[in-house]
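For this one, two forms of the same chain are given in structure tokens, first as structure 1 and then as structure 2.
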Structure 1
């Protein structure tokens, strides 16, 4: 894909991290986060790029950071590339639309997951044990709405798969007061966005957040309510036929599961039609959620 971006380097600027999707640069008092068009699945970065994906993730995160700032402070500073430091101005055309300046914060190394519906790893756990996030349920079907929003934390893995843990286990590594705070904010953020998304034809099934410490405060960092960090379903099809039609990267996971890839070796390239349909779904999420 000629218009897709796999990575970026900025001479003279230290790249702190190259994650599955994002590149993080050190600008002194702030960080520059750049979203590429890479896509990951089953803990692998796929060899195929998804054009415009980085722009969509960035624009959705910025939208939600602004929409939720009354619930909790976040690390977003600006995406106005013309106001970026002089050291990166030469690259502003590449940075425009898919980057943001953020505050530096100390990462709390827990994935904070909110679940309003049973799907994904929660469904896998429930099928085996009848329990989700430490809570027992009877007769749930895949995709069912849960009686209330569940907080299901996981260990933060930088290379492999995140491991689900209990809230009690979380409190062994995060001070209890902080653990209670991020649990409550995770649920509050999810409930706010779930209700907002429903009005725009999307079921927000689950999502995950990252939090960090800045001075004496805990703030929201990384990304928020994007198709990479959330499970989005078409509300009309969910209500009518109980179809879990995704506006997120579950579509790519489902394709990979339909192939003979063993998920223990280098992943295959994505066919052009899968790439195009993935782009369409990400664009649809952006359109529904940000255009009133």
Structure 2
């Protein structure tokens, strides 16, 4: 596909990080976060791009940063490329729509996860132990709504798989007062967005936040409530048939599972119709959530 973007380099600007999807540039007190059109599945970056994905994820994050700013301050500064620093002006046509300028914060190195439904690593843990986030439950089925929102922190590991930890363990590395603060904000943010999305036909099953410290305050950083940081399900299919359809990547996953790929080697390319259907899903998520 023609205008999809795989990566970006800005000569003279230090790239702090190249994640599975985003690239982060260091501008001193600020960072420039750039979303490419890369897509990952089963922990691999796929060799095929999804045109517009980077723009849609950026627009979603910005929408939510604005919608939640009364709950907690966040790192967003601007996405108006004309007001970006001089050093990156030359690249503003590529940056437009798929980047944001943010305040650089000191990372709190915990993935703050809120879960309203049981899925993913929480389901795996529950199947083994009957416990999720330190709470024991009886007879839960995969995808069930939990009686109340759970906070299940995790640490990032080098392998790419996050490791779930208890709140008590989290308090060994994060001061108690701060740990309580981010836990409460995580639950409050999730509950707010869950209710909002539900009215628009999306079940926000769980989500992940990162927080950072800036000027003695804790602020929300990274990306929020995008399909890359959250599990989105289609509400109609969930209500009707209890289908846990990954709103964005289901066609991609289904396709990969239909091939003979062993999930332990370079993944195959996606056919054009899978790419097109996936682009439509991202557009649909953006439309449902941001067009009222």
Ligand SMILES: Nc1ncnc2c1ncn2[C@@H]1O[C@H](COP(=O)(O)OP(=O)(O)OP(=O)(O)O)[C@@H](O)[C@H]1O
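C-alpha atoms forming the largest set that superposes within 1.5 Å between two forms make up the rigid core. Positions refer to the first chain, counted from 1. Please read all numbers here as calculations on a predicted model, not as lab measurements.
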| item | value |
| --- | --- |
| Form predicted on its own - which displayed structure it is | 1 |
| Smaller rigid part, angle turned between structure 1 and structure 2 (C-alpha superposition) in ° | 9 |
| Inter-form CA displacement between structure 1 and structure 2 at residue 261 - rigid core frame, Å | 3.9 |
| Inter-form CA displacement between structure 1 and structure 2 at residue 251 - rigid core frame, Å | 5.3 |
